[in-house]
Ligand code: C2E
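Before any questions on how it binds or moves, here is one chain, the form predicted alone, in structure tokens.
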């Protein structure tokens, strides 16, 4: 009897423990499932909704079989956020994203939803048939809230945002189309009104379609090597001697004719074609420089613009050296023009890349100097041989004292660091005379010569430029 009772007690105890363990496991699984559900529809960094939830929410509005209720979408894009990440680090960038999400959420009324839909973009769902005045008031409040200073340690940080706005009045549109329209409006705002906002209009769709057609045509032109170069002479100001040629890429569209470089270069940047474009330009310029040397054209080096995307490629040094070897151009006949924005990234890596090429003889020029993040610190520590003064300053030096002082300071800085300084965009004799008085070393611009096809660059070009200049000054 006692044995039976003992066994029964043991059985009951085991059942109790098993039941307790089962409850724990169920609770644990429920907790895990809740976390999974949460993570499936929330951004793990900021805690707001994620892109998947936002898209599902919009699609659900269409799926109930009834008329889609009216709503508006606000798409926030943080301006220059990549530069913040690169210069201050991802921890600071993550902190700012969290604060931006909190600030947007703090200003929204019940029924609104905010989601982080990409790295630096937030979407806001605003229910109701809101008019432009109401939406404008809300957007201006949110932009002001986001742009307030943020304290992080001993740093005071600020970030601006651009906003695209699209509405689905009377439920007339597919809901995901509204998100696409808000995205178009955001991109337009970043182009023409950074730090502000734009409402979607049909013209934006037409512009997008045209841009996509241009991107497709540009990709085909690159694949078939249809782009070509023109070259603008660079001259020593004192002697008028040609010291170099800047290679400038050109594109003749088969139907639209000549497309301005600022348009197709921007498309190449945004559509992932910049590295291919840059590689082709470098190859063409080096080949042409060798031909000129054989023809007896007098010059020291050919200057080629290099984008940040090219420069940060792991095999960039190898590509440049291989191009020089394959074309037969000596390294000291090549000058690479880079912009100051390059140094907002990994400065140590930039220095290593520049030194590796400079040791072989390749020279470097800082293009558009004075328009970016000018710093004596990086200039004195990097192998920079030349500063190029932005033409925006040169154009104003005879009229605007601020531009004149910037040019003076840049010349003093460059010469103190034993660099040569070249002024681009010189168009008048007055500009030339003033630059000579300020001891500017070199110049290029329409006063001397427009960019020329390669066939126009012959040994007698230097004499022709001198004659034209004397006639201009007479």
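Computed from a predicted structure; not experimentally measured. Residue numbers count along the first chain shown, from 1.
What comes next is about the form predicted in complex with this ligand, which is not displayed.
Residue contact with this ligand in the predicted complex: residue 425 places a heavy atom within 4.5 Å of it. Interface residue remark: residue 262 is counted as part of the site for this ligand in the predicted complex, having a heavy atom within 4.5 Å. Interface residue remark: residue 91 is not counted as part of the site for this ligand in the predicted complex, having no heavy atom within 4.5 Å. This ligand is not shown here, and in the predicted complex it never comes within 4.5 Å of any heavy atom of residue 41. By the 4.5 Å heavy atom rule, the three marked residues 340, 412 and 417 all fail to count as contacting this ligand in the predicted complex.
Per the 4.5 Å heavy atom criterion, this ligand in the predicted complex is contacted by stretch 301 to 309, the sole one of 205 to 213, 301 to 309, 324 to 332, 357 to 365. Just one of 147, 391, 105, 85 comes within 4.5 Å of this ligand in the predicted complex, counting any heavy atom, and that one is 391. With the partner omitted from this view, the residue of 350, 273, 248, 159 that lies near this ligand in the predicted complex is 248 [heavy atom within 4.5 Å]. The partner is not shown here, and in the predicted complex the stretch 144 to 167 never reaches within 4.5 angstroms of this ligand through any heavy atom.
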